[in-house]
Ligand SMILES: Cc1cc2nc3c(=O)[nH]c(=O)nc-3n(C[C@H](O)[C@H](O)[C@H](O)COP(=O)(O)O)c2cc1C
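Only one chain comes next, encoded as structure tokens, the form predicted on its own.
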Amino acid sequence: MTTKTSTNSDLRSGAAKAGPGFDGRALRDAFGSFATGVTIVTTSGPAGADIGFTANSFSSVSLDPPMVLWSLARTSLSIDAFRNCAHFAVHILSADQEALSARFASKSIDRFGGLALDRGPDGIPMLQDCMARFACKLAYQYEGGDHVIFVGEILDFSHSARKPLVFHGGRYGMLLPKQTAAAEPADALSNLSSDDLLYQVSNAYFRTRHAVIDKLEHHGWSAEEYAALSIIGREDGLRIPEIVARSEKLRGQAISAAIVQKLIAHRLLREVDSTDGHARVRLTPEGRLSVLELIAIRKSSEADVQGSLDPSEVQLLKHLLSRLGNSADAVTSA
């Protein structure tokens, strides 16, 4: 199949026709209301140089023959390389590859530096660990206003079951499968179900916390000692009443001042005088080592709990829990 160029003389000459008084920013925002995936398109340029950039202008075209298309601004520094290439590759990014997308959208770094690559036809660079990738032969190219549209015939492809990186409204996002609507409750008591939001949050909290506490106890730590050292680890130099108050806010139940005194007696904490006349509590070197041990225990427990989730789901869960917490704070302060 040979590469063909559109015969529209106005478009081929680059004469972009002005719209009917459209505001450019508003039109861009309107285009951005369409959610897309995110891709990186690569090829080999002059002297075999690796060339690639981030694009969301990708679409499937045909199954028979298998074809895809994407577009590139005519002002792009890579336009000549893609106009003259014989092959290119399209990589659909997964939800945990936002940093890779940002890297290939940047003009100030070596986009391929340090990356492990496979090689496709003509030695084109092929990125690894993407949600899907397509090695293509350039079949057609068309002038499309201020962009050039490239159509490729797929020579080879691969894909995985990862979740995609999504772009919408100028921001990255993740795909969340829509849940089926819950049936209407038959009576008031049916609202007390496992589908209740507060039930789900509480159940998840107690189950994950229980996993942490089990490991703490196995290593000889109590939940109260863990709470006290965690607070001091984040805010070294608090007074004992401040430690107690923060523990109540974080745990819903205050630790006792006796726990702090116990840690002082074990030389994990020490009291120091301050300029305001109030004794403050700081970690000792032994205490810092204990905090590191507790962090390792917590991270190990988190890894066990997150075992059935992929990284994008963990990121989404943290985001939603943060929003939920902020909403609760707003209601409380209202």
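Nothing here was measured: the structure is a model prediction, and the numbers come from that model. Sequential numbering from 1, following the sequence displayed.
FYI, the form predicted together with the named molecule isn't displayed, but the following is about it.
Answer yes if any heavy atom of Thr284 is within 4.5 Å of a heavy atom of the named molecule in the predicted complex; otherwise answer no.
Close contact is absent here: in the predicted complex, Thr284 is far from the named molecule, nothing within 4.5 Å, heavy atoms only.
Check His87 for me: does it contact the named molecule in the predicted complex (non-hydrogen atoms, 4.5 angstroms)?
No.
Check Leu72 for me: does it contact the named molecule in the predicted complex (non-hydrogen atoms, 4.5 angstroms)?
It does: once the named molecule is placed as it appears in the predicted complex, Leu72 has a heavy atom within 4.5 Å of it.
Though only this chain appears here, would Arg246 touch the named molecule in the predicted complex if you measure heavy atom gaps against 4.5 Å?
Contact with the named molecule, no.
Would all three of Ser222, Ile240 and Gln261 be in contact with the named molecule in the predicted complex, where contact means some heavy atom lies within 4.5 Å?
Verified in the predicted complex; spot residues all out of contact, no.
Quick one: of Ser256, Ser202, Gln128, Ser76, which gets a non-hydrogen atom within 4.5 angstroms of the named molecule in the predicted complex?
Among Ser256, Ser202, Gln128, Ser76, a heavy atom within 4.5 Å of the named molecule in the predicted complex occurs only for Ser76.
State the residue from Leu268, Leu294, Val38, Val68 whose non-hydrogen atoms include one within 4.5 Å of the named molecule in the predicted complex.
Spelling it out, the residue with a heavy atom inside the cut-off is Val38.
In terms of non-hydrogen atoms within 4.5 angstroms, which of the given stretches 129 to 137, 232 to 240, 96 to 104, 202 to 210 touches the named molecule in the predicted complex?
Within 4.5 Å of the partner lies stretch 96 to 104.
Just to make sure I understand: among 40 to 64, which residues lie within 4.5 Å of the named molecule in the predicted complex, judging by heavy atoms?
The stretch 40 to 64, when checked against the named molecule in the predicted complex, contributes Phe53, Thr54, Ala55, Asn56, Ser57 at the 4.5 Å heavy-atom cut-off.
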